[in-house]
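Only one chain comes next, encoded as C-alpha cells, the form predicted alone.
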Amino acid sequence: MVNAIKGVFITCDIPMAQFIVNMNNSMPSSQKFIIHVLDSTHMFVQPHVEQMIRSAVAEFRDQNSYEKPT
C-alpha cells in the first residue's frame, strides 16, 4: 500500500540546506518539519512551515550580506 504525504519540495544550495536542517534540529521533536532529506540540495518539508522557512532564510541572508561602509 502506498502512503502519500502532502509537503513542499525545497531546492537550494548546500549551505542553505544545512541552515534549514539546523533549524529543524533546533526544534523540539514534536515540531520538526523535515519529512525527508533527498540529497544535499533537495528536501521535502511539511507545508505549514513554508513561510517560516522563507522568513528565516531572508533574515539569514540580510544578516550575512556585505554592506559597503559609507
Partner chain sequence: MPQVKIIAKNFMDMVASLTAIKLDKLYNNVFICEAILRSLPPLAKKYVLQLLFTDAPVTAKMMKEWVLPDGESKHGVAIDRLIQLRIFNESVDRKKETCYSLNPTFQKNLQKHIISGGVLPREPMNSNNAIKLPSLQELETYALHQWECFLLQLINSGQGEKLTGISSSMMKVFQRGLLSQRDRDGPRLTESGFQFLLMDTNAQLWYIIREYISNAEERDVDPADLISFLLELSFHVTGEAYNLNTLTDVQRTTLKDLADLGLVKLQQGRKDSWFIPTKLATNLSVSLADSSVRKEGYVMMETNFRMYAYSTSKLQCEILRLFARIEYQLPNLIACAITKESLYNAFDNGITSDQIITFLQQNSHPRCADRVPSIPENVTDQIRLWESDLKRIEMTQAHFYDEFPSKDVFEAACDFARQWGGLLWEDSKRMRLVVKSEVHNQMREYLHTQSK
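Positions refer to the first chain, counted from 1. Worth saying up front: this structure is predicted, and the values here are computed from it rather than measured.
The form predicted together with its partner chain is left out here; the points below concern that form.
With a cut-off of 4.5 Å between heavy atoms, is S65 one of the residues that contacts its partner chain in the model of the complex?
Yes - in the model of the complex, heavy atoms of S65 and its partner chain come within 4.5 Å of each other.
M27: heavy atom within 4.5 Å of its partner chain in the model of the complex?
M27: no, not in contact with its partner chain in the model of the complex.
Its partner chain contact at D13 in the model of the complex, heavy atom, 4.5 Å
Although its partner chain is absent here, D13 would touch it in the model of the complex, with heavy atoms inside 4.5 Å.
Would you classify T70 as touching its partner chain in the model of the complex, given a 4.5 Å non-hydrogen atom cut-off?
No, T70 is distant from the partner.
Which residues, if any, of 1 to 29 lie within 4.5 Å of its partner chain in the model of the complex when only heavy atoms count?
Read in sequence order, the residues that approach its partner chain (within 4.5 Å, in the model of the complex) are M1, V2, N3, A4, I5, K6, G7, V8, F9, I10, T11, C12, D13, P15, M16, I20.
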